[in-house]
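As C-alpha cells, one chain now follows by itself in the form predicted on its own.
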C-alpha cells in the first residue's frame, strides 16, 4: 500500500481588511467585546464583483501546485471543501477543473463545513493509498461575507467569519513512515440544527418561498449558531479526536511538534493547548488576523506555519477540526 504526503501548500485571502472597529460602525459591537469572546481582531472580506469561492480556491491551488514541483497536468483528482459555493449546483470542484485548464479529471465536492478540509485530506489520502491516484489537489475555500447578517441582530455570528482559501497537493509517497499516518472522522447529526443555515432548503424554506414572502425579518437564510452549546461540544470532541489519532500511532501529546486546530475561536484553541500541556511554539493560531474561514482555516494556518519555518521535516503535525453537522476529525502527519 502506498502512503501520501503533502507536497505543496498555498493560500489566498482578499486584500480588503475589516477590523472590529469597522464592524462597530454597522452594528452594536466593539473591539473589546469581540476580542474577549473570540480572539479575533480583524478578518478579510471579498469586495463584491472581485473574488468568488472558486477564484480564491484557484489562486491558492496554483501556489500549492507550484510548490509541489509538478505541472498542473499531473493533478489526477480534485477535492473541494466549502459551505459557500458559487452556485447551489454545480459545486466548485468542476469550476476549478475548468479554470485551471485540467483535462477531464474527476472533481469531488465536500460539505462538512469547518471539518471540510480534514475530511478532504482523508478522502485524498485513501485514493492515494489505494493506488488510484498519484497527485490529488485538496482545496478549502469560503466566501462568508456576502451571506452574513451584518446588523446588530446577527452580530453573534457575523463578527466571527472571514473569507479566504487554502490548498494542498497530496502526492504518493513510497516511505510508509512519512506523510499522513492516519485520519479520523466522526459526526453526530442529532445536533445538526445547533449550527446551521436552514434556507434555502427543500425541507424548510426553498428559494420560491423566500421570494414569495419577501419578508425582511426572515432569518432562515442567515447562519444560526448556539454558541455555548457548540463551544462545550467542540472542546470535548477536539480532545477526543486528537487522542484517538495519537493512540492509533502509539504517540502521546508530548510527541506533537505542531498542532493546527481549526480556527473557530481562540478560546477553544487555548483550552486544548492547556489541556495537552503544549507550549506556544507547538500550536499555531491565526484567527486574530482572518477570523473563522471554515473549511479554509486549517489549510491557511498550515501554509502560514510552514512558510514561517515552524514546520520542519520529521515533525509530527496534527490537524484537528470541529464544526457544523456536528462533524469533527483529525489528521496525524509525519512531515
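Residue numbers count along the first chain shown, from 1. Because the structure is predicted, anything quoted here is derived from the model rather than measured.
Separately, the form predicted together with a small molecule exists; it is not shown, and the next lines address it.
Residues of just one listed stretch (209-217, 226-234, 128-136, 170-178) have heavy atoms within 4.5 Å of the small molecule in the model of the complex: 226-234. In the model of the complex, none of the heavy atoms of residue 184 sits within 4.5 Å of a heavy atom of the small molecule. Taking the partner from the other structure, the small molecule in the model of the complex has no heavy atom within 4.5 Å of any heavy atom of residue 275.
In the model of the complex, at least one heavy atom of residue 114 sits within 4.5 Å of the small molecule. Although the partner is absent here, residue 292 is a contact residue: one of its heavy atoms lies within 4.5 angstroms of the small molecule in the model of the complex. Remark: none of the three candidate residues (7, 67 and 312) comes within 4.5 Å of the small molecule in the model of the complex, counting heavy atoms only.
Only one of the listed residues (52, 29, 282, 285) places a non-hydrogen atom within 4.5 angstroms of the small molecule in the model of the complex, and that residue is 29.
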